[in-house]
Ligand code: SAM
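Listed next as structure tokens is one chain, alone, in the form predicted alone.
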Amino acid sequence: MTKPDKIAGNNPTELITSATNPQIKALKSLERKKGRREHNAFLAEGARLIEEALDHDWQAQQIICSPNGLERDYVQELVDRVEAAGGRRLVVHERLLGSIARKDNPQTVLATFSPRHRSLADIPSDDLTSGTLLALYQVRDPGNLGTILRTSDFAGVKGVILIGDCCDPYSFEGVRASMGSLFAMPFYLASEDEFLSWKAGLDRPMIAASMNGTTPHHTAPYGDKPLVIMGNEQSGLPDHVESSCDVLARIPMREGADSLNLANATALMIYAAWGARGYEL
């Protein structure tokens, strides 16, 4: 397992004022996937997201704030929690927060966390016996992915499987769009071959939203433990993946309307699946 690369100095009280400081450069590199891989870290912005991560036992590498931020009780409480768990504080000039977060008006506190790398083998056995699982095939828009994680968390989905070349859930956009659900909603990575092989031995109906479907999505036979699968934003699911599905469902739309946003379509599907069992988890 890769050890966390803590982007932090040795003096937690030293004020950093220069954008050319190596620690600031390292933090700014987290905007790119290459930087996140190099440092084995990603950025969360704002007290709410940081608190959500800590409440779900994610490992904070460091917490970044300004001197003014430290004067706020809720920021100091988060700093204390991060340091108690072995993370470090980094005190920076106010203007550097925006530079790190790539925002003109950033939140008062940022934190870096170690990512989690889960495979299909990591899905708890209890989550395989009931409830909805969601699979996403090559989703490319991090905003969609973050929103889907948020909706899945709200609707009690057991887990989200990211198939193939999906966008990075730890991107700035993905983390922000999830509104903290990235830390609460378990997600798992799988290649296409791994997923199809795993699905073949799974006692769950796989139901896809598809333009080729004939069954209205709200009347599909979801049962007690469906596997809902959604295709990517441009091309949907390829034919060979659709052929492995048990049901192709179609979301009704008026004639002449364009396709529905993926995050919205996914919400309709997982709520139909949940409603089919009386909204029981």
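Given the structure is predicted, the values throughout are model-derived calculations rather than measurements. Each residue number is its position in the shown sequence, starting from 1.
The discussion below concerns the form predicted together with this ligand, not included here.
Student: Considering Ser243, Gln234, Thr214, Thr219, which brings a non-hydrogen atom within 4.5 Å of this ligand in the predicted bound form?
Tutor: In short, Gln234.
Student: Between the options Lys225, Arg36, Arg250, Lys28, which residue brings a heavy atom to within 4.5 Å of this ligand in the predicted bound form?
Tutor: Of the listed residues, the single hit is Arg250.
Student: Is Ala267 a contact residue for this ligand in the predicted bound form, using a 4.5 Å heavy atom cut-off?
Tutor: Contact check for Ala267: no, nothing within 4.5 Å of this ligand in the predicted bound form.
Student: Considering only heavy atoms, tell me if Leu49 and this ligand come within 4.5 Å of each other in the predicted bound form.
Tutor: Close contact is absent here: in the predicted bound form, Leu49 is far from this ligand, nothing within 4.5 Å, heavy atoms only.
Student: Closest heavy atom of Ala209 to this ligand in the predicted bound form, within 4.5 Å or not?
Tutor: Yes, contact at 4.5 Å.
Student: Quick one: does Ala19 come within 4.5 Å of this ligand in the predicted bound form, counting heavy atoms only?
Tutor: It does not: once this ligand is placed as it appears in the predicted bound form, Ala19 has no heavy atom within 4.5 Å of it.
Student: Has each of Ser130, Leu133 and Ile161 got a heavy atom lying within 4.5 angstroms of this ligand in the predicted bound form?
Tutor: No.
Student: Using a 4.5 Å cut-off on heavy atoms, which residues of 15 to 46 contact this ligand in the predicted bound form?
Tutor: Counting only heavy atoms within 4.5 Å of this ligand in the predicted bound form, no residue of 15 to 46 makes contact.
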